[in-house]
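Next comes just one chain, in structure tokens: the form predicted on its own.
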Amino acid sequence: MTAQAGRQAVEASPAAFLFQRLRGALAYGLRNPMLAAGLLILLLLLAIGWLGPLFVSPELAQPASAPPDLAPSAEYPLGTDDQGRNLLAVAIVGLPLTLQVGFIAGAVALGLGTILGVVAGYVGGVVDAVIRGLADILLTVPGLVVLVTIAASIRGVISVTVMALVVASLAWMWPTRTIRAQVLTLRQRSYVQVAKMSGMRTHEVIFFELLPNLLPYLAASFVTSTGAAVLASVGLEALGLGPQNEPTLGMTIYWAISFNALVRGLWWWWLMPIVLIVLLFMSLFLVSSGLDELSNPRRRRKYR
């Protein structure tokens, strides 16, 4: 649908225009089953956090709210842990917190990477050399060691938001490199050259010519950055470097390890966070692969 046709449809009947767009989105989802499946799993996981508190009180995620070490039953569908926490309530509270870390860290890392990558790729020269050199140097630094050091240094005051910022501090370099490469190809396109010759300023070319064409790629990069941030945060939390008072999925694994749940046969304690993490990564992978169709012209032609 062209822009003029879209405006005519909205003026004629907003409801009909919305129906057409929904039908178009559904048709696209059917042509792109990976994206549809990933979004469906991700929405189901988000629904656990949104709708779960309507059925199970989040207060049951606190210690001593239930008898300890109970196997799954009708009263406690996911059992209880050694500290007397209802693991169903832990899943309802902890999954959104883990997603929150991933979304915040992914957004911050992609935001920094987009700014630096676009500026480096379009401006070039000394600016490009400085940004590219900084990203290249930091990419060689063992990230896990640095993250463990930072998290251990601020362990007493760490929260979900602080954990996300810690993870984002070393997650912007790769987006910077990949977005810079995309901008290097885009800036040679004819429409960018025409915009420059027509007198548009640098920031106008970036905002009105480059960024709109980068949006599909940025969407796929955001999903990838979110997955990487969740992986890094779960790793730190499993080492005991996460928010101690928040029942995130990584901290649930940490407590299960600390109280020897695997050796003691308390399988329901460690199984719940692992299953949710696997489903979360599966959904992010499918969404990222589906969005790759939008940013990759070769795959777009394949689906036509």
Partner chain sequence: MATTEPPRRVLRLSRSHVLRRIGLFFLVVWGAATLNFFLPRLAPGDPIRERLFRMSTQGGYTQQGIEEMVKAYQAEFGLDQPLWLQYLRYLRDIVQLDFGYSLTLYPAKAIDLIMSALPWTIMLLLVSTILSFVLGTLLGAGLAWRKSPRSLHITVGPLLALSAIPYYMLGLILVYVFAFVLHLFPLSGGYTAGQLPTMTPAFFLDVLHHSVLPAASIVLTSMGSWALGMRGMMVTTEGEDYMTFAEMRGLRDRTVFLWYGLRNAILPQFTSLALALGHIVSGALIVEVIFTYPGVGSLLFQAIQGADYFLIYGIVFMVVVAIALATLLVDLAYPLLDPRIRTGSK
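Positions refer to the first chain, counted from 1. Everything quoted here is computed from the prediction, not taken from an experiment.
Another form exists, predicted in complex with its partner chain; not displayed. Remarks below refer to it.
Note on contacts: among 53, 67, 265, 33, the single residue with a heavy atom within 4.5 Å of its partner chain in the predicted complex is 265.
Though its partner chain is absent from this view, in the predicted complex it lies within 4.5 Å of a heavy atom of just one residue from 48, 42, 277, 60, which is 277.
Contact annotation for residue 238: at least one heavy atom lies within 4.5 Å of its partner chain in the predicted complex. Its partner chain is not drawn, but in the predicted complex it has a heavy atom within 4.5 Å of residue 141. Put simply, residue 251 is far from its partner chain in the predicted complex: not one heavy atom of it is within 4.5 Å. Contact between residue 149 and its partner chain in the predicted complex is found at the 4.5 Å heavy atom cutoff. The three marked residues, 90, 115 and 222, fail to reach its partner chain in the predicted complex, with no heavy atom of any inside 4.5 Å.
Residue heavy atoms within 4.5 Å of its partner chain in the predicted complex occur in exactly one stretch of 213 to 221, 185 to 193, 132 to 140, 95 to 103, and that stretch is 132 to 140.
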